[in-house]
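In structure tokens, one chain follows: the form predicted alone.
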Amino acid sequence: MRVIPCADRPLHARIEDIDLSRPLSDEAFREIESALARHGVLSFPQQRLTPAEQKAFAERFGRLETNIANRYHEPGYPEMMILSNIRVDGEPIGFEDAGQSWHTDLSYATTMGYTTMLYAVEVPHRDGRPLGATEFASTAAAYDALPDEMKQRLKGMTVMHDFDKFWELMRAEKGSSRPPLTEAQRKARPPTSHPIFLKHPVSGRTVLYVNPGYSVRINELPADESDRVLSSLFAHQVQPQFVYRHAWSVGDVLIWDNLATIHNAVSDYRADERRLLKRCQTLTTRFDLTVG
């Protein structure tokens, strides 16, 4: 196994000479998790995985999450969501608009998300160029670059995150076919709050734990001031020097750390340019998270 860091970004390393369809030793897994803590995003090219093999690797990182929407999952694997624009007999086989704005998976949940794993089965191309990239921004690098005055001002504050914010953003701005959340779904995911600065449980670095998709309010500030500060933090997070853009290839497995990154799915492909990825997410149940 070789870990090849991205030369000019604070994110991403490529892992080569490893077959994820085979069981990993504890030593190999510790090396992978250590690399994930250092780099935030790991890619494993040229993999061939069954759903059982993908699930087995994903759950090494922690307890798997079952999506609240309870739609479009791999048959027999409710923990494995299908992301796709493919339709069969006019009906979508997966979420067509998943992740199409900057966000952090599961920041809206009481138990936050740890890792997300995507496996590319079909990747759209046009003129020989892959489409549907995924962008990542480092929350650790964003925190490091905050002015000391801002760090001191916001220290100890908390941010409210709301699942409904991103869901309605997709419905209103992306032309999504997803229906409104039901009352039961809303009750299952009420707004929740987390510290604005968190200490990463593996790397020990402090991260800026806000994101445009789900963060709605800094609880300790008046509403108008909270809006201004959050808007400034969102713009700060996605400066080019903090961002890595992953161009997909069939067989890619991508794992990212949801404490250390925010991400955005680029929707630059048409409905007839087929895209199919399979997703598993793990929770932070292994860790005792502390304020940064």
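Sequential numbering from 1, following the sequence displayed. These figures come from a predicted structure and were not determined experimentally.
Heads up, the form predicted in complex with ligand OGA isn't pictured, but that's what we're talking about next.
Enquirer: Within a 4.5 Å heavy atom cut-off, is Gly99 in contact with ligand OGA in the predicted complex?
Expert: Contact with ligand OGA, yes.
Enquirer: Answer for Ala56 alone: is it within 4.5 Å of ligand OGA in the predicted complex, judged on heavy atom distances?
Expert: Close contact is absent here: in the predicted complex, Ala56 is far from ligand OGA, nothing within 4.5 Å, heavy atoms only.
Enquirer: Can you work out whether Arg279 and ligand OGA are in contact in the predicted complex, taking contact to mean some heavy atom pair no more than 4.5 Å apart?
Expert: Flag for Arg279 set to yes.
Enquirer: Quick one: is His12 in contact with ligand OGA in the predicted complex, heavy atoms, 4.5 Å cut-off?
Expert: Judged by the heavy-atom cut-off of 4.5 Å, His12 is well away from ligand OGA in the predicted complex.
Enquirer: Choose from 138-146, 192-200, 215-223, 116-124 the stretch whose residues reach within 4.5 Å of ligand OGA in the predicted complex, heavy atoms counted.
Expert: Contact criterion met by 116-124 only.
Enquirer: What I'd like checked is whether Leu83, Thr134 and Trp256 together line ligand OGA in the predicted complex, meaning each has a non-hydrogen atom within 4.5 Å of it.
Expert: Yes, the whole candidate spot contacts ligand OGA.
Enquirer: Could you check which residue among Ala37, Val229, Ala265, Leu64 gets a heavy atom within 4.5 Å of ligand OGA in the predicted complex?
Expert: When ligand OGA is considered in the predicted complex, the option within 4.5 Å is Ala265.
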